[in-house]
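The data below hold one chain only, encoded as structure tokens and taken in the form predicted on its own.
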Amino acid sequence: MERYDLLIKSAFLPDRGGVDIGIKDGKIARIEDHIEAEANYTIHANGKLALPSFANMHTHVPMSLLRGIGADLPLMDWLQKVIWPLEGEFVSPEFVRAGTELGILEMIRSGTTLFMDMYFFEEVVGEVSKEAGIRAGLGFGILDFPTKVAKTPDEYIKRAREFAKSLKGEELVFPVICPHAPYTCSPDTLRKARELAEELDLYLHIHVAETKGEVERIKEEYGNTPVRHLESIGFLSDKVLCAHMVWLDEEEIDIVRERGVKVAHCPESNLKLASGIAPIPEYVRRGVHVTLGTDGPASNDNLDMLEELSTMAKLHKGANLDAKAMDARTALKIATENGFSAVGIKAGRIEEGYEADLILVSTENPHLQPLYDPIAQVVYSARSSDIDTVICRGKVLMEKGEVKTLDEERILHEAKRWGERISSFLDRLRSQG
């Protein structure tokens, strides 16, 4: 008799109805109305809705420990007056570990199995990711100014190279080259980052055109908008993931499409920081590869991709005065398959041959009943607390609401201890005027 590593019995697929799903070697091996087979582990879904898990394509996960601080400030004030001083005081391997554990716990609980991260001490983020069993594309933020991890652009590049080589051969965690932004990296630094990515055949991850102020600043310094500036130095390609991309004109959208650049849309962070609303329906219409991210939990202030998905779908209807501007199925694809495929992972669909990254959603709560259109109702009505089970590459990370790979009680206790330290520091700053 055939044997599977994991067998899911009686799941509900939106376009097919009740099915069993057999998973072997991390992939979906078989989907049938009924599978009679042995399995190392069996999950009885009891009619729960099976959907692809989420891919959070832009975040700074260790900043979980800074969530809620500096609320109601625009981006540059938030960075310069709040976040950078706090990071200068607290960022360390210990801070990054505690923040990453908290963030990954939140992501698993809300159905994410891939995240793209840019921060400091990313080797620690990698360690926690592997312990938790979650996919992660990780890169050190490369800057032109000194921080605790490097003093010069060349030091950042050297550290990025060493980190990338340390992850060679890993299954779930992979390196990414992460120059921070055109306004924090000189053209020379950006070229060196691109050359390193080309040498090691890695993706590039960067913030671009997030605010009007950034666009004006780049125009003043280089005589070009951010996208044109990056194009002029040969930075853009289909291996580049650009976060935000709020302020692009028609010609820039064409450049992005022609180069195969991927866009990571972060609607809630852009709204909270008053950065603007990216023209995502126009990107989709013109063939730009759009993915979804939360941005860091200090500017969002959570890592809940289901909430982000719902916000995205409704935001663009209102902004465009068009109920069809972002339909539920397109929104779900952006949050799932588009993210995985942007970095070459064959996941994000529940089909035979795809990697087994999926969630089971309970639809028995009042806000999901009666259930007429599962996809639309998940996009517009579901909450992360409805997610019962999370599977990454065939491994069960959460079942019946219990995270299996992390010590939730210890992580929350540690987060509170860090919160006390950070609060004391903020109190001292306030007392000094």
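Numbers for residues come from their place in the sequence shown, where the first is 1. Remember, predicted model here, so these are calculated numbers, not experimental data.
The next section is about a form of this same protein that is not shown, the form predicted in complex with a further copy of the same chain.
Open item on the list: Does any part of residue 194 reach within 4.5 Å of a further copy of the same chain in the model of the complex? Heavy atoms only, please.
Closed with: Outside the cut-off, so no.
Open item on the list: So in the model of the complex, is a further copy of the same chain close enough to residue 229 to count as touching (4.5 Å, heavy atoms)?
Closed with: Result no; residue 229 lies far from a further copy of the same chain in the model of the complex.
TODO: Answer for residue 383 alone: is it within 4.5 Å of a further copy of the same chain in the model of the complex, judged on heavy atom distances?
DONE: Yes, residue 383 is a contact residue.
Open item on the list: I'd like to know whether residue 407 contacts a further copy of the same chain in the model of the complex, with contact meaning heavy atoms within 4.5 angstroms.
Closed with: Contact with a further copy of the same chain, no.
- [ ] Specify the contacting stretch among 296-304, 161-169, 197-205, 344-352, defined as having any heavy atom within 4.5 Å of a further copy of the same chain in the model of the complex.
- [x] After filtering at 4.5 Å, what remains is 296-304.
Open item on the list: Check for me: heavy atom within 4.5 Å of a further copy of the same chain in the model of the complex, for each of 2, 265 and 398, yes or no.
Closed with: No: no residue has a heavy atom within 4.5 Å of the partner.
TODO: Using heavy atoms only and a 4.5 Å cut-off, determine which of 219, 148, 257, 324 is in contact with a further copy of the same chain in the model of the complex.
DONE: Looking at the other structure, the residue within range turns out to be 324.
Open item on the list: Just to confirm, with a 4.5 Å cut-off on non-hydrogen atoms, which of 121, 235, 340, 247 contacts a further copy of the same chain in the model of the complex?
Closed with: Checked against the cut-off, the match is 247.
TODO: Go through 50-84 residue by residue and record those having a heavy atom within 4.5 Å of a further copy of the same chain in the model of the complex; state none if no residue qualifies.
DONE: Residues within 4.5 Å: 64, 65, 66, 67, 68, 69, 71, 72, 73, 74.
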